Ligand SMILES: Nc1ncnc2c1ncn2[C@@H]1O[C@H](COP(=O)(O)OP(=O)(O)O)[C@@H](O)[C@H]1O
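This document starts with one chain, in the form predicted on its own, laid out as structure tokens.
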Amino acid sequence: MSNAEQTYTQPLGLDVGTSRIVVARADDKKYRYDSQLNAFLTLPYSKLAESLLERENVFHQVQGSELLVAGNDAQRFAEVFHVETRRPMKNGVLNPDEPHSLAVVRSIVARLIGPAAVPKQRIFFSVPAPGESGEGGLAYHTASIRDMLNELGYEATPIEEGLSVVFGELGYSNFSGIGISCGSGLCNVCLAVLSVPVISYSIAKAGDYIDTQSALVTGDRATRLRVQKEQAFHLNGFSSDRVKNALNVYYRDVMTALADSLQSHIASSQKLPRIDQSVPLVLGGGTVMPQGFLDGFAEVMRNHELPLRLSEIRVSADPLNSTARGALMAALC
């Protein structure tokens, strides 16, 4: 049974993220969000297990000899069984090494939005920008998400994540500035002028990189590190806690890589328009949530010269939903 509200007929914004899938709706000039973890785990199939999952209203589906527990319930079961959840997406696109990837994403999306309430209901969905290594399965990923949304009756349009942040956060500057979405799989960057993307790219160092590298040096599980990072971690330098130290090191690594990429991409751009006034830079996504991230990134940026002036560097007031909100605003235009 879908959690979507079938009477909602206005456009939707959908953030198809590596860690979470988020839908945004507009209601009386307010935004409402629903989300599910973009994760799953499998259990051996039995009629008893299936009936127990149904009785407990656990989000699941049957795939041959396996039961797939997906979304938020996957995290709960992973903690119970002390296992890692599996990811249907990797580095911002469908995971080519995961045979259940498309089925899991389809089931999560359908649970969140349901079928279109009216024919050709508009929906904008987030996609990553190209990375330094090239297309990397982006065309297949984009077509697959568009097709699943079309099958549900929607008129689906992709929008790059960085541009979504611009739409969601930079209305006060006429949608001019730098929007950055720091997610799990990628950091997506967009420099836009009057809503037109001038530079758009992604880097592979992001939240998952922090989790996996920290897990390697501490012996902990990446899933537990992700939860700690988002709920209780404070970027405040070295301490006696080795997990916090590892997270600090790899957060600093991501910040430096992001600042380096901004400097090189903007400086080397052949199509950079003349921008006489300073522009804002705003960051969204779950990776920017820990306290101290903004101060740390601003400090790193002070050591990088850009060929344009920044009026401010800030973190979205609602970073987990900034991409979905921007996709919704683009769909409403």
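This one's a predicted model, so the numbers in the text were calculated from it and none came from an experiment. Start at 1 and count along the sequence shown; that's the residue number.
Not pictured, yet referred to below: the form predicted together with the ligand.
Student: Report the residue, out of G177, G183, G168, G162, that has at least one non-hydrogen atom within 4.5 angstroms of the ligand in the predicted complex.
Tutor: The option sitting close enough to the partner is G183.
Student: With the ligand left out of view, which of H141, R226, K205, K244 would have a heavy atom within 4.5 Å of it in the predicted complex?
Tutor: Result of the distance check: R226.
Student: Check Y201 for me: does it contact the ligand in the predicted complex (non-hydrogen atoms, 4.5 angstroms)?
Tutor: The answer is no: Y201 has no heavy atom within 4.5 Å of the ligand.
Student: With heavy atoms only and a cut-off of 4.5 Å, decide whether S316 touches the ligand in the predicted complex.
Tutor: Contact check for S316: no, nothing within 4.5 Å of the ligand in the predicted complex.
Student: Verify the contact flag for R20: yes if a non-hydrogen atom of it lies within 4.5 Å of a non-hydrogen atom of the ligand in the predicted complex, no if not.
Tutor: It does: once the ligand is placed as it appears in the predicted complex, R20 has a heavy atom within 4.5 Å of it.
Student: Give a yes/no on whether M289 approaches the ligand to within 4.5 Å in the predicted complex, heavy atoms considered.
Tutor: Contact with the ligand, yes.
Student: Among 279-287, 56-64, 43-51, 301-309, which stretch has residues whose heavy atoms lie within 4.5 Å of the ligand in the predicted complex?
Tutor: Of the options given, it is 279-287.
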